[in-house]
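We begin with a single chain expressed as structure tokens, specifically the form predicted alone.
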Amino acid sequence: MELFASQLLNGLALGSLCGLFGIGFGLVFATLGILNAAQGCYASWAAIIGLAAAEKMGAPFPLIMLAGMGGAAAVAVAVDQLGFQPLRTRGADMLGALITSIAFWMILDSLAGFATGQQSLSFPSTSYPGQMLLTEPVPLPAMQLITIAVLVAVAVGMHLLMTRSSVGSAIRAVGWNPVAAALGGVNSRSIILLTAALSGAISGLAGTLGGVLTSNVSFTLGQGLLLKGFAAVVVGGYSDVRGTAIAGVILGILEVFVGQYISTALRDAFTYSLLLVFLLVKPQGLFGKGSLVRA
């Protein structure tokens, strides 16, 4: 029973990372119509920047998180303006944006590999809460609980932002029709920049937390989050960020339990089989109604 409870907590923490990244990935996909293959690199670079803040500046844990989020947001805005904005100006389709994002993925991935020396680095043990809140009957690592709490806070906050605020209304309007939104008084360019920054920051938060939890700060960090985050968006649906969060948690628990009780070699097979089932049987996802940003 203790093993089951411990693995459940591991699954919740892993799923929280997947759900958190999925919220950031799904936001830019639904509002800007971009299937951004470079999104995982934002997470990798957030962890790298957070690690630099910890090692070079001795920053405390909250500032490490903020540094990672800020760095990822800056990278996301730069990619959007350098790569995607010219495509929007020319009226390019989603395929053009996907190809562009793959190019940025390769560039940012190579730069991340250079920055880390092609190695898997880790945060200093003194830079984050590494203690156990309880040891009996089930160990409760502080970082796992923090990760779960962050997912809940971001999911609730994003849901309220998208459905209860004027900013959320503007984002939804730009997502539906940028021209009509501009005619209605919305500054589409500013909203696009805000969306890119917000999406990058959330993905960066997932990357920095993931770097701490897995002791893996490398160019490979974002690749895993990209695939699992995409799966969370598809399984959860596009109509509600809460669906993405819940789907991410489900996928995380499934992966951990399959690895523990069946075979570690089959973890990804189960995850992506579930993804395939939803694409074929229920493409709108568990909670989807067509778009992540609809109220």
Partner chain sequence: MTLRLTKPLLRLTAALVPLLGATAASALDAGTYKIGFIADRTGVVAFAGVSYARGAELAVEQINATGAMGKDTKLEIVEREGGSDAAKSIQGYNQLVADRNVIATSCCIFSGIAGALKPIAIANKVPLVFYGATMPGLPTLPYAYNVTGLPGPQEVALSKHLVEVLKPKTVAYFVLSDNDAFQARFKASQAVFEAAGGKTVGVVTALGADTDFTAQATQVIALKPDLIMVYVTQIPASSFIAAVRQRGWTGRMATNEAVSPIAVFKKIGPALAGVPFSVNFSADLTESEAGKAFVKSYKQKFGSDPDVYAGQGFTAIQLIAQGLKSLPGKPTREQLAEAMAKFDTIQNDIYGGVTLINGQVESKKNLFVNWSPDGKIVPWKP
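Computed from a predicted structure; not experimentally measured. Residue numbers count along the first chain shown, from 1.
Omitted from view is the form predicted in complex with the partner chain, to which the following refers.
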{"property": "The single option of 81, 126, 118, 187 touching the partner chain in the model of the complex, heavy atom within 4.5 Å", "result": "118"}
{"property": "4.5 Å heavy atom contact, residue 67 and the partner chain in the model of the complex", "result": "no"}
{"property": "Any non-hydrogen atom of residue 165 within 4.5 angstroms of the partner chain in the model of the complex", "result": "no"}
{"property": "Touches the partner chain in the model of the complex: residue 242 (any heavy atom, 4.5 Å)", "result": "no"}
{"property": "Residue contact check: residue 86 to the partner chain in the model of the complex, 4.5 Å heavy atom", "result": "no"}
{"property": "Stretch in contact, per heavy atom within 4.5 angstroms of the partner chain in the model of the complex, of 188 to 196, 145 to 153, 68 to 76, 217 to 225", "result": "217 to 225"}
{"property": "All of 31, 178 and 284 with a heavy atom within 4.5 Å of the partner chain in the model of the complex", "result": "no"}
{"property": "Heavy atom contacts to the partner chain in the model of the complex at 4.5 Å, residues of 1 to 39 in sequence order", "result": "3, 6, 7, 10, 14"}
